[in-house]
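Only one chain is given next, in structure tokens, and it is the form predicted on its own.
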Amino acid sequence: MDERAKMSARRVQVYYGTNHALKNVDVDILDKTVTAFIGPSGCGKSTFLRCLNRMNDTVASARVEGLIEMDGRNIYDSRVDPVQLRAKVGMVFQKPNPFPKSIYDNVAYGPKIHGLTRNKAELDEVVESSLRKAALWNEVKDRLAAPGTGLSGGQQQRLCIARAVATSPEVLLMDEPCSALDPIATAQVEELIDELRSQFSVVIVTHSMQQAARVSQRTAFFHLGSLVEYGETGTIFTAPNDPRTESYITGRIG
């Protein structure tokens, strides 16, 4: 395990019923680093992302084997509460999915259910700092009582990022967070990802190689359920070791 690894996976396999969706994945997710998972549709990158916060637990047919650790602790240990784990390993989905609540309540939700604040003043502080981290505070500070669903797509996605960081996670998972956004909103979220890296370990699944090249320091290339290659983003894009990686990056397989 790399000395800066925040999370590490060894021999991870995922089955959905009889379908062997992910085969023998070994990877270290470094701290304070953006790691991009790239690869064609259906290659296993989102499946693996969902192993990191036990989202696959919610799929009846899913079975996860192997070892996944965070700070050296097995996250699939029976003593680990998945709800608590998900407060530490936040997730942002492909489509912005704000709760049908006010902007304030969207962000306050996690800290409230996890009992992270003692009073309204502390909660106000968490809401403000989370919205600031998500670069949304100045746009919404005068309408915190308005519904989160009334924001633009890009603002909604930043609200979901604020909601995810409000529980003070250590790792932030993002599953194609920009695929539903226009280019301007995408650029804002990418800039935000770069800023969040100073505080979190960020893992982003993206179908856009340009995005992976812009925002990540480490890249993992998945193909047909296997992790083909993992390394520094610059190296993966300019001098990959595996011919399959090169084929994908040059557009020959997709």
Partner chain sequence: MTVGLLSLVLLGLSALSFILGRQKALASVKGDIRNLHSLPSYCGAGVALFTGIPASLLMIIWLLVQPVLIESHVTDMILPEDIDTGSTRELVMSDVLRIAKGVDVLVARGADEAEITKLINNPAALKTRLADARIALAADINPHVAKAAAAYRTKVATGNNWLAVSTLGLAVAGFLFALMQVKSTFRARNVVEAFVRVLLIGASSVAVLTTLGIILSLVFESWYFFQLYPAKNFFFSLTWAPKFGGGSDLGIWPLLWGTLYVSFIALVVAVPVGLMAAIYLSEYASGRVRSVTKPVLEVLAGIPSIVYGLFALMTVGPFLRDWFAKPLGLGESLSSVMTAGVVMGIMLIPYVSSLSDDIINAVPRALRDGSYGLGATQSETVKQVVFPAALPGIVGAILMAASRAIGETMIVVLGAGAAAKLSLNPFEAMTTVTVKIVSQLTGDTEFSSPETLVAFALGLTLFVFTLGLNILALYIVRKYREQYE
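Since this is a predicted model, take the numbers as computed values, not measurements. Residue numbers count along the first chain shown, from 1.
Not pictured, yet referred to below: the form predicted together with its partner chain.
Chemist: Taking its partner chain as it sits in the predicted bound form, is residue 179 near enough to touch it, meaning that at least one heavy atom pair lies within 4.5 angstroms?
Modeler: Residue 179: no contact with its partner chain in the predicted bound form.
Chemist: Closest heavy atom of residue 184 to its partner chain in the predicted bound form, within 4.5 Å or not?
Modeler: Result no; residue 184 lies far from its partner chain in the predicted bound form.
Chemist: Just checking whether residue 163 would be counted as a contact of its partner chain in the predicted bound form - the rule being heavy atoms within 4.5 angstroms.
Modeler: Yes, residue 163 is a contact residue.
Chemist: Can you tell me if residue 154 lies within 4.5 angstroms of its partner chain in the predicted bound form, counting non-hydrogen atoms only?
Modeler: Contact check for residue 154: no, nothing within 4.5 Å of its partner chain in the predicted bound form.
Chemist: Note which of 135, 87, 140, 80 lies within 4.5 Å of its partner chain in the predicted bound form, where distance is taken over heavy atoms; exactly one does.
Modeler: Flagged contact: 87.
Chemist: If you check 228, 55, 64, 209 against its partner chain in the predicted bound form, which one has a heavy atom within 4.5 Å?
Modeler: So the residue touching its partner chain in the predicted bound form, by this definition, is 55.
Chemist: Quick one: in the predicted bound form, does every one of 35, 42 and 222 get a heavy atom within 4.5 Å of its partner chain?
Modeler: Not one of the three qualifies.
Chemist: Determine which one of 25-33, 185-193, 55-63, 213-221 lies within 4.5 Å of its partner chain in the predicted bound form, judging by heavy atom distances; exactly one does.
Modeler: So the stretch in question is 55-63.
Chemist: If we check its partner chain in the predicted bound form, which of the residues in 109-145 reach within 4.5 angstroms of it by a non-hydrogen atom?
Modeler: Stretch hits, in order: 109, 113, 114.
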